[in-house]
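The chain below stands alone, shown as structure tokens; this is the form predicted alone.
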Amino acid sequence: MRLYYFPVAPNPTRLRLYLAEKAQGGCEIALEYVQVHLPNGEQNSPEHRTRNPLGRVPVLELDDGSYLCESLAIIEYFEELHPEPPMIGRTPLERARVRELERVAELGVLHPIARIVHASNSPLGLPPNPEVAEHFRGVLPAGLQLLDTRIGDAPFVAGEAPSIADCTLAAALQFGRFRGIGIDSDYANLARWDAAYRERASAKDIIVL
């Protein structure tokens, strides 16, 4: 199998973190990694558009030559194939809690950060839109506050073990730092979690900012 990605881009990053966490837990998933250089527009090439007509990454090329194009769909696919160590919980309630927190991390943090970045200083060269950036600067604190509260003093977003919620949140915060968006010191639990997660062996080669 072959994974098409670009470093720092949040969706490929959360998938790579997921794969690294699985490997750290003893489940190495063999993949060939191929970079698609987003700032150069390689995602819009005819070759890549055959992989993903929307021109996005990540894309997983399967052994039969077909493709999966959404990071969470790819994660779910791997989790079905390789359930140990679990990254979406073991029981129905655990899985629901993990998915809930992952959605908060994406919709409440990753999405606002991405909109701020691309509306103010887009690495893809998108035109500035100060009104959009300002709107999402107002949206972001609610997601950060909710996660700060839910994390509490736990080592990971969903409790005692890493999960896809950690992967999404770490990817989101790195993308923010890429364009100067940091965590306010008021979110002490979130800041503690962020510092600790970035020191994990699974994260060090992926979370580089």
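The first residue of the shown sequence is 1; numbering continues from there. Fair warning: this is a prediction, and the values are worked out from it, not measured in the lab.
Missing here is the form predicted together with a small molecule; even so, the following discussion is about that form.
Taken together, 2, 16 and 62 are entirely out of contact with the small molecule in the predicted complex: none brings a heavy atom within 4.5 Å. Proximity of residue 158 to the small molecule in the predicted complex falls outside the 4.5 Å heavy atom cutoff. Put simply, residue 57 is close to the small molecule in the predicted complex: some heavy atom of it is within 4.5 Å.
Using a 4.5 angstroms limit between non-hydrogen atoms, residue 96 is distant from the small molecule in the predicted complex. The closest non-hydrogen atom of residue 148 lies beyond 4.5 Å of the small molecule in the predicted complex.
Partner proximity in the predicted complex, defined as non-hydrogen atoms within 4.5 angstroms of the small molecule, places exactly one of 181 to 189, 5 to 13, 194 to 202, 20 to 28 at the interface: 5 to 13.
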